[in-house]
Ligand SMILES: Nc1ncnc2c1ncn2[C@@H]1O[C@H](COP(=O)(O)OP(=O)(O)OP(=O)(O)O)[C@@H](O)[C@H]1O
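Starting off, we have a lone chain in the form predicted on its own, written out as structure tokens.
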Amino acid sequence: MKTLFEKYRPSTFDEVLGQDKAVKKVKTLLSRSWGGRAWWISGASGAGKTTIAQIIAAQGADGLYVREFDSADQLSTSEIDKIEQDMHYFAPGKGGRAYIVNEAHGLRKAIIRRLLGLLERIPNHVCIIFTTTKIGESKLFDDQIDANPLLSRCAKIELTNQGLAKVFAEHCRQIATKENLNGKSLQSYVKLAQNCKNNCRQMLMIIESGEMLE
């Protein structure tokens, strides 16, 4: 059975909450091209980074041809070799191939060096999407890794963490009601959002445990 977060994960840009500015930028870039580019999506945990990455990927690649790495640690030299080999071939269905690298702040110097060359020659039917927290992005530089050449090769999308408490509260309360897990006021959900630092995933995990029942 899917968790509430996965069950109610947005599948379209119109369903993404509280990130109007970022979504508008993504749509503008997509109107020019889907493939042939890399994306760098940064924001707080639970704000929608991976969700937006998955929606972008789905614009040009069928599910079987969207490869998602849960963390940069999984992006080994051999994996990059495989990406370089596979990206020259069109995929069945929509034709595209997409690669999502979550927790990109874990990238190591040797991998970044390999990526710099790869990102210069992304075919038009391929896109590569990196996601990271803002803190993680800062740490990438703190570790004395010159990440600027990597970021300069990416379309950078920054998610906000402002003004999300009420939006997420209303959204999560609606889900709780559908799932017979709601027993508290909207203000209780606003407080939950604030306590979770606007992490929608964490909010839904708490709701799923029954903590919002009377």
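Computed from a predicted model, the values in this text were never measured in an experiment. We number the residues from 1 along the sequence you see.
The same protein has a further form, the form predicted together with the named molecule, not shown here; the description that follows concerns it.
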Can you say which of 184-192, 146-154, 26-34, 48-56 gets within 4.5 Å of the named molecule in the model of the complex, counting heavy atoms only?
48-56
In the model of the complex, residue 137 touching the named molecule (heavy atom, 4.5 Å)
no
Looking at the partner-bound form in the model of the complex, is residue 206 within 4.5 Å of the named molecule by any heavy atom?
no
The named molecule contact at residue 22 in the model of the complex, heavy atom, 4.5 Å:
no
Counting only non-hydrogen atoms and a 4.5 angstroms cut-off, does residue 16 reach the named molecule in the model of the complex?
yes
Looking at the named molecule in the model of the complex, which residues in 116-135 have at least one heavy atom within 4.5 Å of it?
133
